[in-house]
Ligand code: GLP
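As C-alpha cells, one chain now follows by itself in the form predicted on its own.
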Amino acid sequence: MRIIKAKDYDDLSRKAANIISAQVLLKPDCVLGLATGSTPIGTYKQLIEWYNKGDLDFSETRSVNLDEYRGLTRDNDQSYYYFMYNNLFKHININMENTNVPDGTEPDSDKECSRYEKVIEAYGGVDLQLLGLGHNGHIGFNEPDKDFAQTTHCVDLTQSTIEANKRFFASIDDVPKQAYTMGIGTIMKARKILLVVSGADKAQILHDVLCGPVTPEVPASILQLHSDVIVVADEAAMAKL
C-alpha cells in the first residue's frame, strides 16, 4: 500500500487525476472503476481539464461504476448515472456505450446484480478502481456488516448513510433506502485501487481503515489485504495517522 499525502483538496484532486491519467495513457482501452460523491468531483474536473488541453483521449476507455440508488431513473438529478454524465462523461470523448452504471429501475435485484457482474467479467475485470470513503468505512455502498459481501448485490442503506445523503434531497423521506453496489469481492478483484479521502471529518475512519483490524464492521479495512492500493489523502484526513 502506498500512502500519498496531499496538501489540500486541490492537491489531492491533481494527484488522484494524475494516477488515473497514467492508467489511460498506458492502456487506452483500460477499464476504469468509477465512484460518485463529493470527493472525486475535483479529480474529474482535473481529468476534464487535461482532456480539453489534448493530453488525454478516452475514446477507447471503458468504465463501470460502483453503485446506484435502487428506484431512481437515470434522469433523476440524484441518480449516480446523472452524476457521472454531468460531472465527467459529457465533458470527455468517452463512448457512452462503454460506460456502465447499475440500473436502478430494474425491480428484480437478483437479475440486475447478476447482469452487472457479467458486464465486469466480460470486460476482463477492472484495471483501476477509484474509491471514496464513507464516514462509517463503507466503500461503494458496502455498509458495516457481519460478513464481507462478495459480488454485486442489493443493500439496505444504514441510517447514518441515509442521514449523510439527505442534504441532496428535498426531505429525508425522499432518500432511497436501498442501492445496488459492487460487492467487496468484486472491488478486491480490481488490479489497482485508488482510495481518495478528504477532510478532518474522515480522519478517524481513515485511521481505522489503515491501522485497525480487518473487519467487515469497517468495510474498507479489507483494502489492507489488496496487493496494489494507493491512498491519496489531504492533511486534514491524515491528521490521526
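Given the structure is predicted, the values throughout are model-derived calculations rather than measurements. The first residue of the sequence shown is number 1, and the count goes up from there.
The form predicted in complex with the named molecule exists for this protein as well; it is not shown, and the discussion that follows is about that form.
**Student:** By the heavy atom within 4.5 Å rule, which residue out of Leu88, Cys113, Val126, Leu133 makes contact with the named molecule in the predicted bound form?
**Tutor:** Of the listed residues, the single hit is Leu133.
**Student:** Just one of 99-107, 161-169, 115-123, 145-153 has heavy atoms within 4.5 Å of the named molecule in the predicted bound form; which?
**Tutor:** Heavy-atom contact with the partner occurs in 161-169.
**Student:** Is Met182 near the named molecule? Define near as a heavy atom within 4.5 Å, in the predicted bound form.
**Tutor:** No, no contact at 4.5 Å.
**Student:** Quick one: does Gly199 come within 4.5 Å of the named molecule in the predicted bound form, counting heavy atoms only?
**Tutor:** Looking in the predicted bound form, residue contacts with the named molecule do not include Gly199, since no heavy atom lies within 4.5 Å.
**Student:** Is Ser59 a contact residue for the named molecule in the predicted bound form, using a 4.5 Å heavy atom cut-off?
**Tutor:** No - in the predicted bound form, heavy atoms of Ser59 and the named molecule never come within 4.5 Å of each other.
**Student:** Using a 4.5 angstroms cut-off on non-hydrogen atoms, would Gly37 count as touching the named molecule in the predicted bound form?
**Tutor:** Gly37: contacts the named molecule in the predicted bound form.
**Student:** From first to last in sequence, which residues of 49-84 have any non-hydrogen atom within 4.5 angstroms of the named molecule in the predicted bound form?
**Tutor:** Going through 49-84 in order - heavy atoms within 4.5 Å of the named molecule in the predicted bound form - the hits are Leu66, Asp67, Tyr80.
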